[in-house]
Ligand code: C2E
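Given as structure tokens, the chain that follows is alone and in the form predicted on its own.
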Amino acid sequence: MQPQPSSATRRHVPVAVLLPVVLVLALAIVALLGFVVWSTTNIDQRSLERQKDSIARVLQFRRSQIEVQATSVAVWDETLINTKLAFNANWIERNLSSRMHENFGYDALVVVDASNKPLYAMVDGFAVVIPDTGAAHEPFQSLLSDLRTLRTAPGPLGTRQVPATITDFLVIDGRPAMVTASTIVSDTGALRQQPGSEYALVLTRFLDTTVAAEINRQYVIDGGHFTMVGATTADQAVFPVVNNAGRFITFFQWNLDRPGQTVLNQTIPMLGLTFLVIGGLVMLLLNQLRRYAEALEAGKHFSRYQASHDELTGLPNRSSFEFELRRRVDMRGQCTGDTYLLMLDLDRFKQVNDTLGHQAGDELICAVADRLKAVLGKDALIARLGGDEFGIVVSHTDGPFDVQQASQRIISAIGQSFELRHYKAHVGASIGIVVIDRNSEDVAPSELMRKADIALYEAKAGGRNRAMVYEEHMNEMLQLQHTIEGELREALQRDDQLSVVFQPLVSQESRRVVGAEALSRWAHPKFGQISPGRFIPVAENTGLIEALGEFVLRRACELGATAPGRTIAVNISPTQLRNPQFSHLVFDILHRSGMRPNDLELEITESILLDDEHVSSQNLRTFRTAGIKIALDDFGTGYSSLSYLKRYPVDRIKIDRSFVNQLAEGHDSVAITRAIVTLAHAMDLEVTAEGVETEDQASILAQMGCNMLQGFLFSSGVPRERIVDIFADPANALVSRGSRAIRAISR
């Protein structure tokens, strides 16, 4: 609540300012009354002229508006297809009739062919039966005849066409109406028509009480209405509405605004009450001063509120949250239990923003804030720290408190669908938790928030949609990540730590080695062998993946140049594929190494397809055109959408090892894997199963028709010298004689 000014403030009036103001007002009133009496007639006449000019502009604007709205649906490939090329009355009703009637209030819509024969008609939102005569209404015939004298500008192929459009005022069945006719043309220029063969769209809006009410409301006109009789009284004005031929169609009549007479009627009685008016003005000034003082104080209060609260949700912002966190930490000794700091970040919020728009994203943020308040109650401090991140402080005083249980309630509440603009949106929540012990001394707010951020990071890294309580080892892991980043930067500058090994790809049918997948390895002089699962995510997050990926690609192509006809597979990251120069880099490496493009296979993940990013799509198509094969890695673990396989150029899908590891008679993975293989073959795609470790798994995959196998059953990743030996030795490459041969040579 805004503070109210004191009574002393209300009584304090700056007389030195008010006295000259009162004198000036008195003199101004006398001069104004004399001027009003002299200029009343002139003012009224000019007002009438302005009103007529406004009505003319209003009607002209309506004409322009109906033309724009008509062309918005007439200049459209879909309209051309569903009217002329393949007449579809249902489509017209859904996309033209309903849209024009419900959104813009049109009373009638007619689609006519090139000979002006009606094909479809809508009146008052309902499709009507066209008479057997097939002739358009007589007023429409005249308008359409004028339309046909105009020519649709064809324009160059592939560019937006300009339709012929004409608008006029007509009398239809004794009712005045505004009618527009527009030829139906292509908006992309891809659909060409012979000049004069265009179909036309005719829209009608009757000039009735509804239109008059809209004009009155929008342009503040009193009593405006359309009439067929142009009679007026002294207090009314009339404006004739004429058609293109200059004939009167109707009249717009309204109550005349006579400001001059109004002023005169008001000022004459006031002349005798001049002193009373002056007194009233003084009181008004006093009241205004009081209100100004209150508004000034309210403005200060509002400014303070804005500085400490989020504008969108009304929750405290980051600065206010940090201040309140510090206060609660200082008072933690007064609580019977511990204080808990929670950092919450929404999962999949970016997809909602990208698909439904930022306004829907704002609505989602507000809905999340409401759910947090409903779950946690009024005693919890909830703040929006920015974007889709929230901060929460809970100081529990009533008995034991299970913060994990409370976090799960939050996750469950946010996991429920959100109704946004007639769509259901689904997001999740990851939560990092810090327990602020009453007896702890390390309670600096910045340090607490840092630890909560670390726990939040671990929650996201652990699969999202979960809560993690901060533990000291998390900080150690984070520091290790920074260490790995620094060491990896140095390793990329050297040639004695990073290497590439190659895991054989085995044909399921012949059991021969037909290629290999390039895998990066890091032998650190201090830490030993560092797992790719540890350093590759670091490279992704720090931008080092492009340099690392180029290193692996060069080594793979150098091998591929020595083994023509063998498929060499290389994993590429979304970061690499989004780089417009990536395709140039690949072709340069192929050229310098001498490897054939059709021997190279680039493995991508579904996350690249989800991005639907133009540069990525263009790079994929460029690679396919050059003969480079594309494989979709880890299939079955993500969205696995059929639409992605149809939309993007993919040659192969790789079944994730999580399915292959569980292949056994009667297991669900068998049915899932068989469905994947069947789907791929139906789309003329090859299938590779990775992670094959047993002969039973290989046998089941063979029965399904899987094209290629990869895994420890045959070989782990081997150095280049060993894979060259495998390629060169047919006896060792013939796996059907026993996989020990390859495993032996891979040792």
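Don't overthink the numbering: it's just position in the shown sequence, from 1. Because the structure is a prediction, the values reported are computed rather than measured.
This next part talks about the form predicted together with the named molecule, which is not shown.
> Considering the named molecule in the predicted bound form, which of S573, T204, N116, T71 comes within 4.5 Å of it through any heavy atom?
Filtering the options by heavy-atom distance leaves S573.
> Exactly one of S520, T79, Q193, S97 has a non-hydrogen atom within 4.5 Å of the named molecule in the predicted bound form; which residue is it?
Among S520, T79, Q193, S97, a heavy atom within 4.5 Å of the named molecule in the predicted bound form occurs only for S520.
> Using the partner position in the predicted bound form, report whether L701 sits within 4.5 Å of the named molecule, counting heavy atoms only.
Result no; L701 lies far from the named molecule in the predicted bound form.
> Considering only heavy atoms, tell me if E686 and the named molecule come within 4.5 Å of each other in the predicted bound form.
Close contact is absent here: in the predicted bound form, E686 is far from the named molecule, nothing within 4.5 Å, heavy atoms only.
> Since only the chain is shown here, I'm wondering whether F712 would be in contact with the named molecule in the predicted bound form (any heavy atom pair within 4.5 Å).
Taking the distances in the predicted bound form, the answer for F712 is yes, it comes within 4.5 Å of the named molecule.
> Applying a 4.5 Å heavy atom distance criterion, does C706 contact the named molecule in the predicted bound form?
No.
> Within 4.5 Å of the named molecule in the predicted bound form, counting heavy atoms only, one of 687 to 695, 674 to 682, 718 to 726, 50 to 58 shows up; tell me which.
That would be 687 to 695.
> Check, residue by residue, if D345, D388 and A425 all come within 4.5 Å of the named molecule in the predicted bound form, counting heavy atoms only.
Checked in the predicted bound form: no contact with the named molecule for any of the three.
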